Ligand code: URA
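Only one chain is shown below, in structure tokens, and it's the form predicted alone.
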């Protein structure tokens, strides 16, 4: 990343504003490699410098990774002239970043959505070659059967499209967990439609090794933890 001004570096992490960083520096509360930083224009290498702010260690991240509990009725897009997008839901401190949704959820689908500025990771996550599994909870308009489970396991043909085999687990008469490694348009709904049922409610619970935080309110975001970032492209799966 190269040498960067300490005030710009710290404010880029969205924990403090530029003015708050300068105030911390004046109070002697910012340390770099154990030494008090005296001026906001001092430059450091974020890859090699050990930083502390107000007695707490700070790990500098080059990219931002946010978990959103996407609500229904919101587009998975960066901007739209006619509808509210997931980026519109971000708090002011995140609005100034070049963030975008990595992948998409249909407008009426809710649940786990990753928002980032890391194009390389988003590409890896969405690439069919990466086989990143995604877990959904679907509620249908009829009771589900073991024949449906077998149909999903064998791969679903819908018109000219063929969907890869998917694992389904029935958790109540009309609700099931479905795990896929593709991301085709309206895939879950089209698979159920081909099996003779319609999805009335759909929620994504997991991407790779990262689960939706059940304590995260609908429409809210939080940064991913270091462990969650590592787990993101974990291919381990299974219902």
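Positions refer to the first chain, counted from 1. Everything numeric in this text was worked out from a predicted model, so none of it was measured.
The following text describes the form predicted together with the named molecule, which does not appear among the structures shown.
Among 195, 53, 188, 181, the residue placing a heavy atom within 4.5 Å of the named molecule in the predicted bound form is 188. With the partner omitted from this view, the residue of 202, 210, 66, 30 that lies near the named molecule in the predicted bound form is 202 [heavy atom within 4.5 Å]. The shortest heavy atom separation between residue 144 and the named molecule in the predicted bound form exceeds 4.5 Å. In the predicted bound form, the named molecule lies within 4.5 Å of some heavy atom of residue 106. Taking the partner from the other structure, the named molecule in the predicted bound form has a heavy atom within 4.5 Å of a heavy atom of residue 136.
From the list 84-92, 116-124, 148-156, 98-106, the contact stretch for the named molecule in the predicted bound form under a 4.5 Å heavy atom rule is 98-106.
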